[in-house]
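As a starting point, one isolated chain is supplied in structure tokens, in the form predicted alone.
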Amino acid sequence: MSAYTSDEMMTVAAARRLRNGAVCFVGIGLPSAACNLARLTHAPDLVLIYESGTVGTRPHVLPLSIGDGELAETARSVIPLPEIFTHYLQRGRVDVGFLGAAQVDRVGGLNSTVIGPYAAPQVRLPGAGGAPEIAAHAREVLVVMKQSTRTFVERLDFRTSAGRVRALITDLGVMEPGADGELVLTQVYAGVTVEQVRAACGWPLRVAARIAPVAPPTPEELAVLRDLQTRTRAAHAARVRLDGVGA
């Protein structure tokens, strides 16, 4: 149980950033995994809101999308999407916005729209969704994403959301904004060097005077995360089989 992957370390490090009782607006994918890990370990009263309008949802498995029935079935309430933004986000009731992206720049700007020129992109991504509003109105914005020179770029192909990032959690370490807003490497994981993090960054990355250590995942954190992922794979595989039968 002591061995773990870089993805597991990233998810655990992100989950630890969430305090019990916080109201969290969650993105699909890595943010969802981190938030549900936190809910299943140290933050049982974490209130999760997804963009589909589900409030206080407690999914048994990780959702494939915001339209996954698992979210509505386990939510305290489901409300119209406009009310999520007007009555929760814009009124300052969301403590943490937890986002992912395809690209990030040195000041925490995010791209989830296109890779390449907007008029003729190489890849068209899912788009903004609620990310711009979450980035603008949540009291604190956390971003979790894997790090490479393709994703951590000097210049975004498209700026979907403005930079207001409290922490950027990657599979190598953690970055936080300095006094001028530029992201600074403040933490690395066990076995990762500063040189590795810089080599996977598309701009000359600043490094804090003191790099804080990050404790490895505990046996409990790993057990809960792996159980969640195992349940998720089994549930989604079952859905695929059922869809195939009904086709």
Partner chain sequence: MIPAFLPLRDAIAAHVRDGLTVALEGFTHLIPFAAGHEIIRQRRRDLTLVRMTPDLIYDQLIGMGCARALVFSWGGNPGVGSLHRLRDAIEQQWPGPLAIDEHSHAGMAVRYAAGAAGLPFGILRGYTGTDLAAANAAHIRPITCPFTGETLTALPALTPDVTILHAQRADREGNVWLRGIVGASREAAMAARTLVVTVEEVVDALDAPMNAFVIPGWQVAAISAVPGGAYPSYALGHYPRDNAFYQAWDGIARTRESFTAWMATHVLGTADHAAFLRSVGGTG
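Residue numbers count along the first chain shown, from 1. All values derive from a computational prediction rather than experimental measurement.
Absent from the display: the form predicted together with its partner chain. The rest refers to it.
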Discussion item. Whether Glu154 contacts its partner chain in the model of the complex should be assessed with a 4.5 Å heavy atom distance threshold; does it?
Written reply: no
Worksheet entry | Partner proximity in the model of the complex: Leu183 to its partner chain, non-hydrogen atom cutoff 4.5 Å | no
Discussion item. So in the model of the complex, is its partner chain close enough to Thr113 to count as touching (4.5 Å, heavy atoms)?
Written reply: yes
Worksheet item: Should Asp68 be counted as a contact of its partner chain in the model of the complex, where contact means heavy atoms within 4.5 Å?
Response: yes
Worksheet item: What residues, if any, in 38-52 have a non-hydrogen atom within 4.5 angstroms of its partner chain in the model of the complex?
Response: Asp45, Val47, Ile49, Glu51, Ser52
